Structures are given as C-alpha cells and as structure tokens.
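Same chain, two forms, each on its own as structure tokens: structure 1, then structure 2.
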Structure 1
Amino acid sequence: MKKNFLVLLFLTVFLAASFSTVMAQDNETLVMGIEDEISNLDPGETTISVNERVASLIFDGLVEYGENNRIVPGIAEDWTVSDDGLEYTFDIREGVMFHNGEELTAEDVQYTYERILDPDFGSGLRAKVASIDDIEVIDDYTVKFTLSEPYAPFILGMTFGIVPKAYVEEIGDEELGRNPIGAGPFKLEEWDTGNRMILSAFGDHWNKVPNLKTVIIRPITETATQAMELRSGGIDFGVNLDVGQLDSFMNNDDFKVKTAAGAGINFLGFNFEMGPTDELKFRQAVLEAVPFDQMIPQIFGVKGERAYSMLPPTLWPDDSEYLKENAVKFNKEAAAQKFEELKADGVIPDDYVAEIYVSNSRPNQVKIAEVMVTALNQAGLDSEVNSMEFGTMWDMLGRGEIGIFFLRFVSDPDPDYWLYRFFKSDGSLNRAFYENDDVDQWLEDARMTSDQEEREELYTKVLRKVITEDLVFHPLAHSTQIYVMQDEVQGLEPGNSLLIPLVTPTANVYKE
C-alpha cells in the first residue's frame, strides 16, 4: 500500500511538472512568474504594485502610457482642457466592450471615479484625483471633469481602469476584487489563490486582439525557484531573480535578459509617533551605524543603483548630488556614542530591541536588513530582523505598530505621486506619521501650478527637508527593471513598472 502511494505521489508531481512545461512551450501561452501573491484586482484598490500590474492586463483607462511613458489616447480617443485648467472633457470611443459583452459608456467612467472619490470606499488612489469637484455625463460618449483647483498631474489619474457600473452594483466591491470584469486585452478565467491565475485573450478588445491566447501568472516568491522554473521551461518570463542567478542567464542563447532604468525606490523608514524612532538623534545614530554605501552595491549588483533621492533617475527634479553630499555618513563610533547617550537619557529603554521589519518577498532588502542588524548590534543597539509576508506588514504599518521598516515603491511619472502621499500630513501612504507645515504647503503649492521650474523648486525643498534634515526616509537603491525570458518570447520590453507590457499602444507580445 505504501509503495502504491509513493508511485501515485511521484506520478502526480511528474504530471504537474510536465503540464507546467508543456504550457510554457505552447506558442500561444505565456507563463510568467511574479514576486508576490495577488490579493485584489479591483482597479480602485490596487495600490500594491503586484496587484496593479496584473490589473493593468484586465482593465483599460481613458488614457494610457505610450512610448517613454507619454500619455496617449486609450478608451478616450481625444480630450480637451479649458484655458483655466479646471475642465477636462473626454470623447469616449464608441463600441468599447467590457468582458461581459456590455458597452462602456460615460456613466461607467463617472461611476469609476465617484467610487474612488468616496471616502467610505477608502481607495488609496483617491489623493491622485481629489481635485475633482464634479463629473458630468454629457452624453453616452462624452464626460467632463471639473476640478476645484488646477492640479498639474491630473491627466495621469485618467489612466485608472474603468469598471462596469451595473456589474459592480450587482456583485459588490469585494467580489469585484476577486472576479474582475474590465475592458482590457485579457479577461480572468481562473484564480487558484497561491498557485496560479489564468487569463485569456479578449477577442473584442477595442484596440488590439492579443497575440497571446492565454497568460498564466504564478506567484513565485523565492528567486531561486523562479530561476529553476525558467531553466526547466516551467515559466517563460520572470521578474524576481537575484543577482547571483542573473549571471547564468546573461550569456545563455536560450534566454533574453532585458533591463531598463530604475523606476522604483527601495528605502528605509522610521515611525514619528513611536519611541525611540521619533527622536532625530536616534535616527541619525541608526544611519551612522550602517555602511549603506558599501553594502548596497554588493547586495543589489545590476539590480539597483545607490539612491540618495526618493525620486528615480527617470524623473525630475534631479537633486541627487546635493542629497548625496548631505546624507548621513557611516560613522560607527559616533553612532555608538549617540546610542550610549540615548540610553543614559532614558530615550532607549533598557529592554529595547530594535525590530527591523522587511517583506520576505524582497530578498535584497532582507539581506540589507540582516547586515544592518549586525552593524547596529556592533554599535551597541540590540536589534533583530522581523521578516514577514508583505500584506501583514503593511497592515501593521497602517496601525502604527512598526518603528523601523523597509519598503519599495513605484508609481506614475510625476513627483507628486511619489512625494505627496508619503510626506503630506494626511497622505494616504504616510506610514511614518510625519507632519510638517512647511512640507504640507510646498506639496500643495506644487499641485496648484503648471510652471515646471516652480514645481521643481518646491519638490527640491521637500526632498531636502524630509531626507537630509528630518530623516523621515533613507533612500537605499533605485530598482533596475530586469526581465528574464525564454528566447522565443518576442516584443516584451521593460519600461514602466506599473504595467506588464504584453499589450500596449506600442507592443503586442508573442512567442515564436
């Protein structure tokens, strides 16, 4: 009996592996590995990057990102802006269909944005479009947004996925996150949580019928496992390989390795409402104790470059030289002295252990956290790594239960989206619980003007204040986008960290 069970177990594993490989070898099927479990595909709630990237395959917006992240027409074929910058009128294409066969109209657009704006809905995207004062349906294919005040990056908020009003009202918000219906190039067929998601091509897509008939998305948090799956043919495309695994693919004719300039930021943060991280002297000591300049290039390698700004090198303003020059420098002796003084003053309790929180799906951040803990212990501060699932950590951050944390962030190509939500007193991503009246005013002023030079000056003030003076966050590394894929995958190019660019205004990925 035991022998029969072992034979059955072997056959099950063998067949599962064979199925994965066969699927990856199907020229009309793309199997991709992603770094985190998908939790919610409601485009009004996809503030976690992995959810946002997958939702981009299912939903389309009024406008889209084109080449070099320029805004181009999407569901809206054209739009006009009033001279005072307060009215945006969009002309919607006729015949745009949702996956359930219903036509997309201006009412769906109105419903999508009123839902995001509703405080009770609690969308993390609300801050991006909070300037909307009124949404008017002029006719089935025309919708007008009136703003309460000019908002320079408003058009980027028009990239949000449009949802079908009747469907959402019928099934409810929670169900939409699990059973999404959009007007994008792919539709959801199956979602086996923790295992895989299967999407199929939407044949009535308004722009392009995908070359790929099926896309299988597999959450694979371990980088070594993604590398193994690529080599075995279990996946066609991976995005989460560690530095040590990349070398074996770079000089291998069976694979392509493609890179793009860093569009994301890895950073260390502190809680301003929890002791002792609310003390500037403590934050200085932590940063002085750790040799970030030496360790980051060694750990990230080609996957990232040392960062001194919260903004990526693809975005303005570039104040990296000033921020680098004025960053806290490694000084182990000074750190040890500060820790001793803080203990003597009672700021650091006798039983205090600095817990460094990090997502277990961010291997490079975990390595930095481990080196950081060693350095802090050597400087006289008891500390330990607390590596956990990202969703759990994010919930704890929201409740103010974490003092020191690592995060990674990607967003739209405008500094407002990178700085307002993190550093505004009531910012939707202000997990540091940081408040400063000057910073609040600079961020508000930058939203009100369309003058590029004025906006650059204001954002420069914000960056210098929060990074070099108040030490809210400490930038670590700009993430380099790296795609590793089987050689037969064609037309798949990195460039926008918010998307999985399988079907875009400039691409339609296929396999030879």
Structure 2
Amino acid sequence: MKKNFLVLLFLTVFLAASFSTVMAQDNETLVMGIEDEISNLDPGETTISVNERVASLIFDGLVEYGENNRIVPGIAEDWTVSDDGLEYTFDIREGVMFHNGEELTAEDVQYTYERILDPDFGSGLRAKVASIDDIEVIDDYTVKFTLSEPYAPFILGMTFGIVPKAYVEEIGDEELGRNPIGAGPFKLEEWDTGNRMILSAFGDHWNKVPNLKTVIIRPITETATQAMELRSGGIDFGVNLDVGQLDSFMNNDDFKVKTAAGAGINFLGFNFEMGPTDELKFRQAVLEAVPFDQMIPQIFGVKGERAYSMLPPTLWPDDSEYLKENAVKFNKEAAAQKFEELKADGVIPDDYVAEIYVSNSRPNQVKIAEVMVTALNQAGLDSEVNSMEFGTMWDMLGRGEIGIFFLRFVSDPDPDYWLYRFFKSDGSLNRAFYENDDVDQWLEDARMTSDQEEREELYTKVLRKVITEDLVFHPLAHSTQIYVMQDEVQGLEPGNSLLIPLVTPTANVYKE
C-alpha cells in the first residue's frame, strides 16, 4: 500500500511538472545560447573567444567598432595622433559611470593598460599593445600614449575594456574576473558557472540604455542540443549551429538566420622544416589532387565562402581576383603524376603516410580533411586524417611535428594582425616555419608606415608571394558569422566576431 502511494505521488509530481505552462517569456529578456562555458570575465586576460565576447557586454573601451568594423569613438570622445605616429592623445567623456557608481577617469585608463603591459600578469593581449612606451595622465579627462615606434594598427588596441582602478586594487585581479565591474551597457547579476549567466541593463550607461532589461547567457556545447533549444523556444538566439542544423532553420518563418562575412579564415598549412612538405612540387601536387573549389561550397554551405586570400573580404587590400586566378587548380592526373615522380626521386619515402591534422572542435574542417584524404588516396598518396583535440595539435604544431594542418584564425580588422604573426620568420604564429627575407622586410615596412596606399601595396606583395608562389598556406574558406534567432528578436546583426552586438554604437536589440 505504502509503495503504491509512493508511485502515485511520484506520478502526480511528474505529470504536474510536465504539463505546467512553459516558462513565461517576456519581451524584455533575451536568452542566448553560446558555444562554450565562460570562465573569466577580466577584460585584460580574456583571450578565449567566449570570455572576450561576453566581457564586451560588460566593459567598454576607449574606442569601439562601428559599422563595417570602422573605429568610432567610445569612452573617448575624440583623439589626436601626432605627425610622427608616436603620440596618441585621447579626450575622455565626462560623466562616464562604472556599474558601482564611480566615474571613469584617465587614471583608470592608465591603470587598465599598465596592467596588461605588465609581463608578470601574462596577458595574451600584451602583444597587441606592446609598442606602448609610456602612458601619461594629463588631467582627469585626457590621457596620452607614447609609442616606442610607429605601429599602424595601434588604434585597435584601444578597444580593450577599461577597468575601475580603485575597485581592482581593492579586490584583486582574480576577483575582477568573477565579479566584473565595467562601464559597459550590461552589468553582471548572477553567474552560475557552466549553467547560466544573468546580465541586467545598466541604466546609467554613457551612450544608450539597452532595450533589453535582462540578458541570460547559457553555454550549450552540443550543437544538436542548441538547435533543439531554439526549436523549443528555450533560447532566443544561438551562435554555433552546424551546416546541417542551419538548413532546417533557413526556410522556417519562425526563425531568422542572419549572416555576415569574414569571421575568420580556414586554411591549410604546410611545414617548411620537414619533408616532404618542404618541397614545392609536393605542396603543388597535394593542392592539385583535391577539388577544393568543388567541395568547399558544398561542405561549408552558408557557414563560409571559398577563400583565395588570407584576409577576410571585409578587410583591405582586396586582391582576390589575382589570387584566384593564380591559385593551384584541381588536376587529378597532374597530381598523380607528380606523386609518382616524387616517389621515384625518393622525396616521398616508401612508407610515407601524409597525416593531415585538424582540430576536432571544427566540424567543417574535419569534413574537408575527410574529403581531402579520400582525394589524396585516389591520386596515389597514402594519407590519413588525424583529428585531435586543439590542445594536443597546438602543442605539436609549436614543436614543428606536424607536416600538413588545418587552422582557423580570426583577428582584429587590420592586415598586420593577420599576416605578420604567420609569415614573419620570427612571427609568434609562424607554424609553417617559413623564412623569406623579402616577406620579412615588407611586413616590417608595412608596420612602420601609416600611409594607406603604401601598406596596401606591401600586403598585396606579401599575399601573392606566400599564397600563389611559395604555397605556404592554402586559404580554404572565410567563415561566415551566423546568428539564428527567434523571429521576434529585432536589430541583432552579426558583424564583428569579437563581440555580441546587443548594444553597440549602431544597434540596440529589442524583442517584439
């Protein structure tokens, strides 16, 4: 009897729970699904993409990204650059408030950047502003940066979120990452790591008060689950669906799918320090063997477009015509013949298996690797996919143990960020171990000058050399940034992959 009662009780509770109304959704709350757990919101430390994007809601920088990723005034009303390009003076707005009610002054700006510049702090952002020699507070609302040498993309480093000096000094760096206080449009209300984060609108924001009163951010790693959540109405907006899932949202009136080009470049790279990938003929044969032009549109679908340049289409210089024409074309027979010859010459050892390394967190790259291996095997080169955790692959890449690899790279909108680190002999990301004096010189020159035309010319030369002549990297696809949202979400436009554009100089998202 007792047991029957228990069963009955259990059933009642279960049924009551099942049929009670789905949580009321009001139109001032936006629930968004994000691809990974947020771990740290300190804007000086966040180099992990999700952290960086969420921190951008809480913190504002001196300048901000506006339409088409142009730099527009943020906390700084205006700024002047000295003629030699070594001095940047910023005029800070009066009355910009932090979430704790204190006013933002030049001291806070100075503190923010000195913290990042401190080598012991170990910030990943340091490299972007390493050219700063001195930061001088002129008065409460004026701050002057002096550079040790001209650095053309310097202004992009001024987008970092400004932290309140008094608060950070009081509670320490670690605590800032947990209880962030900034001057951004949203403030942190509640953070249940791994489950959800609740942000509320900051009423005293210097620019505009968000239309959304509450933003809930939920990490949903499984893309299939995120797609289901969107369908069931559990989230209003999701960022990381795979191609297959996107298809089912495209022709659905209840949802909007918005895309923006240029969220990163997917490319294939070769190692110049090990055989046989150091041989130009081998690299050529590999590229000829695989029908990239045919398969990339089919694999990436709406998630990307065929790339011929390392730079995203939104960035200058636009040289894709030339690069496209001079790219290696699919030619299976020629490739097979080259492999034959290379084997005969002993460049390809008898037991050689071309291992293609790819990170298992990038499903589209894994798919390309899969097709590539099939094609290479058909052309007579034994090959295997080696899809592994990013951490392992990154470590092996750093030690130069990988011959052929896939990577995806995204950075700020200046060619220097995209090219210098990869192709400069001592560049921090030169995982191809590529060395060329001309390229080094061009990259260095382009950094020193702020003349736009001259820079365009130099970067064009670099791109032509590394992509079409030396075949260091083979660009595959520009990732597209894709937002899938419920139909009632208005004003949300993808554009910059470094932020979540809920409240920007040009947008203020609301729900109908």
Partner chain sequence: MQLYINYKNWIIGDKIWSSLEVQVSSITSVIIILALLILIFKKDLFSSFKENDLFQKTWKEFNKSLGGKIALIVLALIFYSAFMAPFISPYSPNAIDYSNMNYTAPSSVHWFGTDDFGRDIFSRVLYGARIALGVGFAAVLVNASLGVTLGLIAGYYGGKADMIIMRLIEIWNSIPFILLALAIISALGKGMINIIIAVGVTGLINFSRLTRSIVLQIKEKEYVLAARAIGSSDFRILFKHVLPNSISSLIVLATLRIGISILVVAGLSFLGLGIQPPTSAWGTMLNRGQEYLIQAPWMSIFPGLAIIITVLSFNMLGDALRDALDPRQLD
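In this text, all values refer to a predicted model and were calculated from it rather than measured experimentally. By convention here, residues take numbers in order along the sequence of structure 1, the first being 1. Heads up, when I say rigid core I mean the largest set of C-alphas that superpose within 1.5 Å between the two forms.
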| item | value |
| --- | --- |
| Selected structure - the one that is the form predicted in complex with the partner chain | 2 |
| Rigid core superposition, residue 398 Cα moves 2 angstroms or more between structures 1 and 2 | yes |
| Cα displacement of residue 459 between structures 1 and 2 reaching 2 Å, rigid core superposed | yes |
| Large Cα move at residue 83 between structures 1 and 2, threshold 2 Å, rigid core | no |
| C-alpha positional change at residue 307 between structures 1 and 2 - rigid core reference, Å | 5.0 |
| Cα displacement of residue 472 between structures 1 and 2, once the rigid core is superposed (Å) | 8.2 |
